[in-house]
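Next up is one chain by itself, shown in structure tokens, the form predicted on its own.
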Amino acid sequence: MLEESEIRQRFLDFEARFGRGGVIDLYYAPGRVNLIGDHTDYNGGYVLPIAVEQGTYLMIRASELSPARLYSENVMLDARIFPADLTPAEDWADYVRGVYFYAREFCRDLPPFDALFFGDLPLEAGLSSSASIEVATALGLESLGCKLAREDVVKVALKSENDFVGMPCGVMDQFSVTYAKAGHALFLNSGSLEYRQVPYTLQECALVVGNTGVRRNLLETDYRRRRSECEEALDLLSKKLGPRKNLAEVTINEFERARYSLPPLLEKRAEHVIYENVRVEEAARCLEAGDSATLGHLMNRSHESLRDLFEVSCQELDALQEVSIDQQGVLGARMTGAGWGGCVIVLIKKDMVERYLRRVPGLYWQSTHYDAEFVVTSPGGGARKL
């Protein structure tokens, strides 16, 4: 999180931009990194994310005159929200507009407001920067007289992403940003929304998040196509096995009996989801038991599956993963997030972190000519008012 002195300065920046007035409230929503379980959430499967220690801050104050005025320090752009014309503008503020739009189902009369967004969470890096903005905004509506329950924060944030922005993601990002608990991973059944907090027991291990430097907007990737391929595979498997709500309901034994009824491409997509779902369950057990070696093995297998079966990796993600697993003390490494760029998460012995951070940036640059950025993190807390 940012230093207190940096945050104090933002109060001055807020008044310089929007003028003096009433009480300015401060909210925070972290980003998230997924230990294991990608592309399982929209298939009704398990995920195992943690909140990272970087996130989005929102300073907000109700105002009297429309429109609402917004400014993002992260992209250095302002924006406006006109309550009578809440349509997407295809800019960063659509994540905020969507939350404002769907929150009116709970609170009919939302006043205009002034809002300053800032933080230390990388954008388009697979760390849920959009969900972080959405959840911070949904919580911040409390300052406008609209206090949402946590489950409604998730609903409003997800509808903003899915229906307003048009990104058909699963529920993992918004749920984990909202419900994360410091010192724990969140084991979530994306189909039922049942979850439990899993203590992070690997005291001898650290988590390093490596940003490949390859930014990607999921709206510009094959994300929609992957989701459609999973739906096609589910339809064919349901005809063979009997009705299933989602791919996560198909067991490994059932899949192995029916896999040859699928076209090769759909077979690969389904295999990733079904086996990844089992890996997530096993990873949660490893975390509870303190079994770092098996957890690392599962992370490596997950990366291979995302690379070879689901085909959402890229040269840079593969290069950073391969360089990482060759380093002393590294137990496992995998791409994290939807793919096509973004970050790798590394499970490493704490006494080898300094050596890793000295060696890997140069090795990665030699392989890709990209500069990677690295953050050592631990499971942080979820969204909250500060």
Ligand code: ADP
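Don't overthink the numbering: it's just position in the shown sequence, from 1. Everything numeric here is computed off the predicted structure, so don't read it as measured data.
There is another form of this protein, the form predicted together with ligand ADP, and it is not shown here; the text below is about that form.
- Taking a 4.5 Å heavy atom cutoff to ligand ADP in the predicted bound form, the contact residue among V177, I133, M299, V273 is I133.
- Exactly one listed residue, out of R215, R244, R150, R225, brings a non-hydrogen atom to within 4.5 Å of ligand ADP in the predicted bound form: R215.
- Under a 4.5 angstroms non-hydrogen atom cutoff, ligand ADP in the predicted bound form has W92 among its neighbouring residues.
- In the predicted bound form, ligand ADP lies farther than 4.5 Å from every heavy atom of A289.
- When contacts are judged by a 4.5 Å heavy atom cut-off, N74 counts as touching ligand ADP in the predicted bound form.
- The closest non-hydrogen atom of A138 lies beyond 4.5 Å of ligand ADP in the predicted bound form.
- Heavy atoms within 4.5 Å of ligand ADP in the predicted bound form are found in one stretch of 351-359, 318-326, 22-30, 66-74, which is 66-74.
- Scanning 136-156 for heavy atoms within 4.5 Å of ligand ADP in the predicted bound form gives no residues at all.
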